[in-house]
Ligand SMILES: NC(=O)c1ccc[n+]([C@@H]2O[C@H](COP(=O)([O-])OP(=O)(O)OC[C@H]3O[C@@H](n4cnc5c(N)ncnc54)[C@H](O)[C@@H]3O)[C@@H](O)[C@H]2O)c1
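Only one chain is given next, in structure tokens, and it is the form predicted on its own.
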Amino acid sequence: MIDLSNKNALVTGAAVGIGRGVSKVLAEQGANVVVSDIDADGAKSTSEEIIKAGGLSQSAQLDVTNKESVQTLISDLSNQLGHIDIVVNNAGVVGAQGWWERKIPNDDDWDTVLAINLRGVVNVSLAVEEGMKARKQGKIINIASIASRQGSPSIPHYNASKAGVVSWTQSHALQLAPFQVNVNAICPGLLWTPLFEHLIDRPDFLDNQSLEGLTGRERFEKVVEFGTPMQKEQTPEDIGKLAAFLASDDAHNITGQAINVDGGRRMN
């Protein structure tokens, strides 16, 4: 069992999906988890689940695109907790409101995705790095995607943002390596989350013509079956387990890596 006792962790975008799963797993391993999201009620719900299960947690509203919001939260947490040991940058979207109805992403989609998925990661990372550098320890884990590995005709803005996360991870890892701070990325595969529920319903997603007449969940299962060598979907808890390992002392010599958790869908 990984021991994250006495570690303070901040997870962004943790109201639902991957962020919620990561938060719960980190707490199960003993971390005190600050669950943050722009959706304050959703963050509170995740935190309450953790506490109900016997874990340590608190929630906070956070807009990762707002540098002042980010800096204020990091400063408040540093004063309250003493230090932040682990950061999981998970906040992400596929587009602006209504993106799932557009065949071609518009300017709002591009601006929103890059602001949250890429600049949001940078904003939080830069806000926590000074404390980690001063203590000469810390773990930053960025949630990218297997979409970073290959382009897309339908959601190129999302793929580009996630490729940027991988590149930023490598650059930041080089910057912080002299301070013994580890920076890594996780590239999730196919997970049945609210994000994917919208994605699977797009008429141009993969080969939906051969999946007509099926529910969204049934189409998702077919995509997993035919496109994933291990023929099984991934879960938020799968991502959380890798995040917990990368956040542990066992991963002290791993940095600048982007690791796929996708059942073999992409092999690098």
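Since this is a predicted model, take the numbers as computed values, not measurements. Note that residue numbering follows the sequence shown and begins at 1.
The same protein has a further form, the form predicted in complex with this ligand, not shown here; the description that follows concerns it.
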(request) Scan 114, 126, 77, 195 and let me know which has any heavy atom within 4.5 Å of this ligand in the model of the complex. (result) 195
(message) Which residue, 258, 25, 246, 15, is the contact with this ligand in the model of the complex, using a 4.5 Å heavy atom cutoff?
(response) 15
(message) If we define contact as a non-hydrogen atom of the residue within 4.5 angstroms of the partner, is residue 143 a contact of this ligand in the model of the complex?
(response) yes
(request) Examine residue 93 and determine whether its closest non-hydrogen atom to this ligand in the model of the complex is within 4.5 angstroms. (result) yes
(request) Answer with yes or no whether residue 221 is in contact with this ligand in the model of the complex, where contact means some heavy atom within 4.5 Å. (result) no
(request) Find out whether any non-hydrogen atom of residue 45 is located within 4.5 angstroms of this ligand in the model of the complex, and reply yes or no. (result) no
(message) Heavy atoms within 4.5 Å of this ligand in the model of the complex: which stretch in 47 to 55, 60 to 68, 26 to 34, 223 to 231 meets that?
(response) 60 to 68
(request) Give, in sequence order, every residue of 26 to 59 that has a heavy atom within 4.5 Å of this ligand in the model of the complex, or say none if there are no such residues. (result) 37, 38, 39
